[in-house]
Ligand SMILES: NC(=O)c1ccc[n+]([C@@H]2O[C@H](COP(=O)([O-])OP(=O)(O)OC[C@H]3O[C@@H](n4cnc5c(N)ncnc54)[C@H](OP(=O)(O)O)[C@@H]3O)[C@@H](O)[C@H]2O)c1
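Encoded as structure tokens, the following chain is the form predicted alone, with no partner shown.
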């Protein structure tokens, strides 16, 4: 599919970390993105969605909207399931009516994290948190619907410009402290939002459907990611590793949720750059944390 000139409706495109990156990537590719927020359209209201799509007449429908507050989801189960499990199939039905591609994003949290090798697209979801279970339910709903132009992309550990995220939070804490502690027994694949957006476009151009995993290449722990970011920013703050048990959180996090990117690489012929390289772009270019010479 060639993207030039196509109209793309992006739910979650105005304020979301990924949505903003997608809007930018589609624009650069010569498409006409229409970024939307929950104020513009309630994705849980099929009539409202239908009216909007009739008016905009898109060639592509992207769902980058989700309930992403992992700990809060344990208390707000109903809201998490509404946005993460109920909404995706409702949107896919609207895409199916128009026979246009539907792109939906899921997460590494659909996995329990009890493996020691990267999770493949063929591994069965076995989430333990409300957030993870609700996202897995959204995937299941889409697969059950069986619309043949559906693309589900699982992503993980997202960082990038446009919205507060783990990396920015760490660097901001580093400015006011001499020492931080960050967990070092959770391992995953950091993902730079603009790279995820670009690689989403690569998949669309290859008419990809089904489930794919997307992240930057390589793996690290939260402590490893924090340390690398602080080093790039030339911060004097020391970052010490601690076990997950040092922090009490409502939701259980996967201990290991590295995503296997081989299906994406085989489909597109592209190997995503390393998370270290992507982090360098984010810290030095986007956040302008220039090293002191």
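Keep in mind it's a predicted model, so treat the numbers as computed, not measured. Positions refer to the first chain, counted from 1.
The protein also exists as the form predicted in complex with this ligand; that form is not presented, and the subsequent description refers to it.
The listed set 95, 167, 142, 158 contains one residue whose heavy atoms approach this ligand in the predicted bound form to within 4.5 Å, identified as 158. For the residues 231, 240, 54, 42, the 4.5 Å heavy atom test against this ligand in the predicted bound form is passed only by 42. Although the partner is absent here, residue 62 sits far enough away that none of its heavy atoms falls within 4.5 Å of this ligand in the predicted bound form. In the predicted bound form, no heavy atom of residue 258 sits within 4.5 Å of this ligand.
Although the partner is absent here, residue 112 is not a contact residue: none of its heavy atoms lies within 4.5 angstroms of this ligand in the predicted bound form.
This ligand in the predicted bound form comes within 4.5 Å of a heavy atom belonging to residue 68. The partner is not drawn, yet in the predicted bound form one stretch among 201-209, 116-124, 176-184, 131-139 has residues with heavy atoms inside 4.5 Å of this ligand: 131-139.
Residues 105, 106, 107, 108 are the members of 103-120 with a non-hydrogen atom no more than 4.5 angstroms from this ligand in the predicted bound form.
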